[in-house]
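Read the single chain below, which is given as structure tokens and is the form predicted on its own.
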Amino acid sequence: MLDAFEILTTSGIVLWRRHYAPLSSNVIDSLVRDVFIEEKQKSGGAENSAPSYKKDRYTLRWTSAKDVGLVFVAVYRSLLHLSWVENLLAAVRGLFTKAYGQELRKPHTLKVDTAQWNPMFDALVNRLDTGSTRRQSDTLDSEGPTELTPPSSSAGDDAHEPPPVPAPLFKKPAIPAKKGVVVDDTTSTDATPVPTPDTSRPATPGHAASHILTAKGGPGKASRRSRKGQTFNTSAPASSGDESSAGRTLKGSGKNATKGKRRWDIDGMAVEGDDDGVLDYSAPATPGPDTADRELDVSDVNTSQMGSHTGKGQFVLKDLDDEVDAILASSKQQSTSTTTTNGEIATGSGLLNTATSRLTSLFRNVVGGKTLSKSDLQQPLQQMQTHLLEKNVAREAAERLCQSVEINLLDQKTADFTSIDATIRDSMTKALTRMLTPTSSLDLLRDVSSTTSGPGARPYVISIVGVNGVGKSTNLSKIAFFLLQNRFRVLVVAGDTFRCGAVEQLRVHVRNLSALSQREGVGKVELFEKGYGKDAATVARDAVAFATNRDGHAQVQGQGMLYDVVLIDTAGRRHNDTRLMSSLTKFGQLANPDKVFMVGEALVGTDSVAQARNFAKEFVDTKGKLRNNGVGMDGFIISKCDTVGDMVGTLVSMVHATGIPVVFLGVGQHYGDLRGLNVGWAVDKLMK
């Protein structure tokens, strides 16, 4: 990550700066003195270039805008290789001069109001940083809105956080219902998961020593680890660390040597003196005196980076910064033309040599009006296929794309002064654009509005499926946040009744989203859950009935529909496990969702083809036909796009395998890190 970024005038005035780490003023001063005043180092020929300057252990790269008299400087450690800094400088120069250029051209201007520039710069860094050296978003000398990181992620680095709650034991407690959570204890007889036996004990998490609960004092002050080692070869149950060592006996020497139960509070700490409590972690944690205040202690999310409001009041997601892409493309084109001009001047040492070299280069690299044969296309297409494979495109999809390009170009004449390589690149760009462009409308807000209004109004049901660990719950919470911004009432359904901690994870998300929605005055969100060991299809069906207010629930009699959107989470499952995959058919028929979105990882590789096909074929109606006009699902959510750079071939692989479009892209771990697919952006990444 950067250490600093500064915008200076040619007279030495600092208009704006952002420091991410302590930096001596001598570093920037040396650049100004050696390059711009004493000219010990050339300041670069072209305005669009970003020459470098080294001082101590830092590398400084800069560019200038001569028309407004500005110099843009980026500082980072010399040990790092930040190839994206040149693009950042070009983008900052273009956007800053566009925003403040007119004001800077006025005479005697020494200061400009850059309050609106802070979030724009942060968005640029998040957009262009490849992620390999990214630091935390907090800065030293400038403050901005902090986005919320979902508690389920592992992005935090606070060494003083308590250990997570251990895996739950599935015992049915008699607990009061918590506000905002609909609890039902009915159990389906065909539930797939097998409850954990009451005699089992969750393993102690492996955390730092500061997180381990120490045992009470015993004879000789032996540590808990040493006491365990002494009884390792015996059949006695291991100590939990809570019972007193006095009077402890091995198996057979005592009649009631039973391990005491343990209960955890909302912060993950053991509650002392609560041995009679029921050990069920799906129950609400023990409330403390400041529980209500803690639930509202949630950092704000900067929605301006996620999207914007339209004239009709709808909140729509933005694509990935079209304006930044245009600025970078223009800068690259100008830089290329400048390099070409300088090269022509440098090679013009002799009249004969210059003319001969130019003519040779022209006829060697440019082909005009040539009819392309199969032999002409074979080698360039093989190189193009290798290029796509390097971009994480599955071999099956890459071969199919190259075959379509070959069919389109065979026996065709190239345009005047156009090489074969350029012709193939242009044709491949069109093929990728055609493949990734949806054939039907993806306006989710319009579909929700039309379904929830009118005489036959009902809740709009969305289900999220996918393999283990791809980010289903996190992306579900992002979609919920997006819908809350459009003032919809959202019911989140805990359909993952198998994975330990799945219900608690959604409870934390709903608690955070509820606090944010109340703070901003938008929408409403609640959780529907039935605990663990239940049939997910039955839970989903009951949740939809509850949201519809079907049969008039006692507490809401006389009211209409309770919720506008029902978001159903599901358990992760391997796509090659026939037994687990077959349960999706029952789930789809009972829940009858309007949209089924599959979450896929951008870094999964060629296995994405099998994942997409196996999940799609499970969603059939009662007549055995695939739903959604024979394709099964309605869209893909590609998560972790911020981790792969330009290797976004998973998009192509999954769309090619199923014909199902990509609806959303996950670009981070915050609730606001959800974007719509920009086809031009994806194609540019693939052809880069």
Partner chain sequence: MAKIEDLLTWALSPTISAILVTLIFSLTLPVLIHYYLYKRAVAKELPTFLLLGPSGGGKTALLTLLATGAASPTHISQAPQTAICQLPSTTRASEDQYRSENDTSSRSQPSILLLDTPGHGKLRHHAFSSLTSPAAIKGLLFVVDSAVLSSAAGLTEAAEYPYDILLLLQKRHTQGKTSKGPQAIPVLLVANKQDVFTSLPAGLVKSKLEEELGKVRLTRSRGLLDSGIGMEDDTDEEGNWLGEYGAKTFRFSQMREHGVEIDVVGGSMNGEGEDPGNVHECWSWIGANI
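On a predicted model such as this, the values are computed, not experimentally measured, just so you know. Positions refer to the first chain, counted from 1. Between two forms, the rigid core is defined as the largest C-alpha subset superposing within 1.5 Å.
As for the form predicted together with its partner chain, it is not shown, yet the points below apply to it.
Check your understanding: Using heavy atoms and a 4.5 Å limit, would one call Gly469 a contact residue for its partner chain in the predicted bound form?
Key -> The answer is no: Gly469 has no heavy atom within 4.5 Å of its partner chain.
Review point. So in the predicted bound form, does Thr606 come within 4.5 Å of its partner chain, heavy atom to heavy atom?
Key: Flag for Thr606 set to no.
Check your understanding: Within a 4.5 Å heavy atom cut-off, is Arg17 in contact with its partner chain in the predicted bound form?
Key -> Yes - in the predicted bound form, heavy atoms of Arg17 and its partner chain come within 4.5 Å of each other.
Review point. Though only this chain appears here, would Thr437 touch its partner chain in the predicted bound form if you measure heavy atom gaps against 4.5 Å?
Key: Because a heavy atom of Thr437 falls inside 4.5 Å of its partner chain in the predicted bound form, the answer is yes.
Review point. Of Asp29, Asp67, Asp621, Asp56, which one comes within 4.5 Å of its partner chain in the predicted bound form, counting heavy atoms only?
Key: In short, Asp29.
Point to revise | The unique member of Glu396, Glu520, Glu103, Asp443 whose heavy atoms fall within 4.5 Å of its partner chain in the predicted bound form | key: Checked against the cut-off, the match is Asp443.
Practice item. May I ask whether Pro119, Arg573 and Arg613 each come within 4.5 Å of its partner chain in the predicted bound form, counting any non-hydrogen atom? Key: Not a single residue of the candidate spot has a heavy atom within 4.5 Å of its partner chain in the predicted bound form.
Review point. Using a 4.5 Å heavy atom cut-off, which stretch among 383-391, 428-436, 522-530, 561-569 contacts its partner chain in the predicted bound form?
Key: Only one stretch passes the 4.5 Å heavy-atom test: 428-436.
Review point. Which residues within 71-105 place at least one heavy atom within 4.5 Å of its partner chain in the predicted bound form?
Key: Just Val71.
Check your understanding: Relative to the superposed rigid core, does the CA atom of Leu15 travel 2 Å or more between the shown form and the other one?
Key -> After core superposition, the displacement of the Leu15 C-alpha between the shown form and the other one reaches the 2 Å mark, so yes.
Review point. Taking the rigid core as the reference frame, is the Cα of Val112 displaced by 2 Å or more between the shown form and the other one?
Key: Yes, its C-alpha moves 2 Å or more.
**Study point:** Large Cα shift (2 Å or above) at Thr643 between the shown form and the other one, core-fitted
**Key:** No; that C-alpha moves by less than 2 Å between the shown form and the other one.
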